[in-house]
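Before any questions on how it binds or moves, here is one chain, the form predicted alone, in structure tokens.
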């Protein structure tokens, strides 16, 4: 059992130790942020795209870097899943894509606005997200399940 003075010393020592660790980790994060965020690649077009993103409240439906709503697709790496021409066509007229399913609002973007949004999405896709969003190995599990079902059917 600790005496009152030993308990106080233990508390103060632990507080100081973990405060130093916290500050060290904070400084390390601040040091790494410019390189990991790709600030050097951020141009005026991407900044205008971010402004459009905010003005149209895209985060009300979409997610970027894990932030936002989960109603519509996650867009952090959208230009790796779809090419730029597909995204450009979708932004021109989202109502023409995926008939019979929920649709994105048609904002009547100008070509310059579409280019700016694509620049923003390109920049956000180059941010070092440390592996986010994680691609779960569902394909391999689904193939095993299908092969298992085929084997038992025979």
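What you see is a predicted model, and the numbers here were worked out from it, not measured in a lab. Positions refer to the first chain, counted from 1.
The same protein has a further form, the form predicted together with heme C, not shown here; the description that follows concerns it.
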Quiz item: Using a 4.5 Å heavy atom cut-off, which stretch among 54 to 62, 37 to 45, 123 to 131, 22 to 30 contacts heme C in the predicted bound form?
Solution: 54 to 62
Quiz item: Does residue 70 reach heme C in the predicted bound form, with heavy atoms at most 4.5 Å apart?
Solution: no
Practice problem: Report whether the minimum heavy atom distance between residue 80 and heme C in the predicted bound form is within 4.5 Å. | Solution: no
Quiz item: How about residue 105: is it within 4.5 Å of heme C in the predicted bound form, going by heavy atoms?
Solution: yes
Practice problem: Between 81 to 96 and heme C in the predicted bound form, list the residues on our side with a heavy atom within 4.5 Å. | Solution: 81, 82, 86, 87, 90, 91
